[in-house]
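Just one chain follows, in the form predicted on its own, and it is written as structure tokens.
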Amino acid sequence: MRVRLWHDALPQCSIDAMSMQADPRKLTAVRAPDDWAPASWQGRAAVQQPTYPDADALAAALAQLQALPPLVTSWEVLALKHKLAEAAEGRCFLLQGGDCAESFADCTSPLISNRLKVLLQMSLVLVHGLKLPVVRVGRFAGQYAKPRSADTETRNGLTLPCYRGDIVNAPEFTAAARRPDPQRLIEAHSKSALTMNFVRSLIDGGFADLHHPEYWDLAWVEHSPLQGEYRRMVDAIGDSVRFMETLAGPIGSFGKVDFYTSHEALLLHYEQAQTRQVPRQWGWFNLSTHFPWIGMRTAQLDGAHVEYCRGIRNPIGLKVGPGVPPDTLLHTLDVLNPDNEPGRITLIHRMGAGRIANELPPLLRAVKGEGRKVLWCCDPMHGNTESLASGVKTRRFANIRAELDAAFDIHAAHGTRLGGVHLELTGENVTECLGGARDLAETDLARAYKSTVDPRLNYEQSLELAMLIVRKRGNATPHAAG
């Protein structure tokens, strides 16, 4: 979604807004892979893929999907790649967040606008506190597939395929609901298009206008313990805007933002069907999203997901968890980014609060020592998931905060830079993660636990984490050039 950045014009941001415009000539890699095609992944081992019972129905759905219009454009993709290269150099900060897994039923205007609101409010906190532009990337408009630890699920002696996200099947535990249905690929494209169209309309209509930050309020924010601090921040920015406009007249760019989409490139048939060549650009683009990422479960060096992603020109995220050998990570970078192109790779580490101190430093040393151009991003969510005695999955805000705090410190100590954060969050008043501003306890979880997959930060917890990032990053300057 290519619209002008309001925050580039803020007086505290030192970057010239024009420097953030993508120049495709500067983003051209040395070469395009000559041994790759959108379907070449099919010759590799492909994990986490559903088994469709009707091959003809799958082929028909994929043919229909391939004929549908793309969801994003190549110039938006290249613009984001440029911004991620800037973030790697410390000239902006990546905020990537959204639902763990979207559902078709959640494609409604209140839920979409609330999701956008919380990301806008978090970015306002970050822009104000970090004095940097923020690159906003939503985990939505395509995050309909989820990896699972097993192919099947058994209840009361009945075994059925596991729920792999609405793009594959339904969560209800019945044979009909759990049967993989290729028509859901078409519905996922439709819901993604509706979501993106509404987000574009909100942004183009001034939803993010700094003259009216009250538009971003959620109904229950009045009761948040963080309300006072946030209001003071909004008032300070409003005073700055009015002062500038008193001197220079109305500045229209305060009403616009950049916003990009991302999802895990998990279901490879879907990704292949939206992989296109475009006029006046070389190579192939995945036009279902701006920013696909490879999950930890599918990052095998010789696997289908790495093979697919190596051939597209999109920026690629790579989740990195505990136990990844430094040599393996370097070999994966060789495959995904052989020309060391800036902005191409974002390494999203997800170690867990108890393991990050031991697991992250060897990777930082290896990547830095080889001179690899990457953006480091912290996902403090996935390594801190736990199941309670009741069987409910949750995450403790204290552990999320501890991992993020440690990430800043470790990067600073190794002369590298943490340039972004990757979060599972929602704009709804859910009770899925323990702790935070209201100190949610186990007894609170039953009140509003809505996720069908992983627990998410609610609005208050998300805003609190943004404030913590501001406080922490200001004190975590690399000890050497990163």
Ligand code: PEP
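All residue numbers are counted from 1 along the displayed sequence. On a predicted model such as this, the values are computed, not experimentally measured, just so you know.
The following text describes the form predicted together with ligand PEP, which does not appear among the structures shown.
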Taking the partner as it appears in the predicted complex, which of 140-148, 171-179, 187-195, 328-336 has residues with heavy atoms within 4.5 Å of ligand PEP?
-> 140-148
Option touching ligand PEP, based on a heavy atom within 4.5 Å in the predicted complex, out of Pro292, Pro161, Gly343, Gly295 = Gly295
May I ask you to choose, among Arg313, Lys81, Lys117, Lys319, the residue with a heavy atom within 4.5 Å of ligand PEP in the predicted complex?
-> Lys319
Quick one: is Asp444 in contact with ligand PEP in the predicted complex, heavy atoms, 4.5 Å cut-off?
-> no
Non-hydrogen atom contact Cys100 with ligand PEP in the predicted complex at 4.5 angstroms | yes
Would His382 count as touching ligand PEP in the predicted complex under a 4.5 Å heavy atom rule?
-> yes
4.5 Å heavy atom contact, Glu432 and ligand PEP in the predicted complex | no
Check, residue by residue, if Arg44, Glu271 and Glu307 all come within 4.5 Å of ligand PEP in the predicted complex, counting heavy atoms only.
-> no
Residues in 436-458 close to ligand PEP in the predicted complex, defined by a heavy atom within 4.5 Å, in order | Asp454
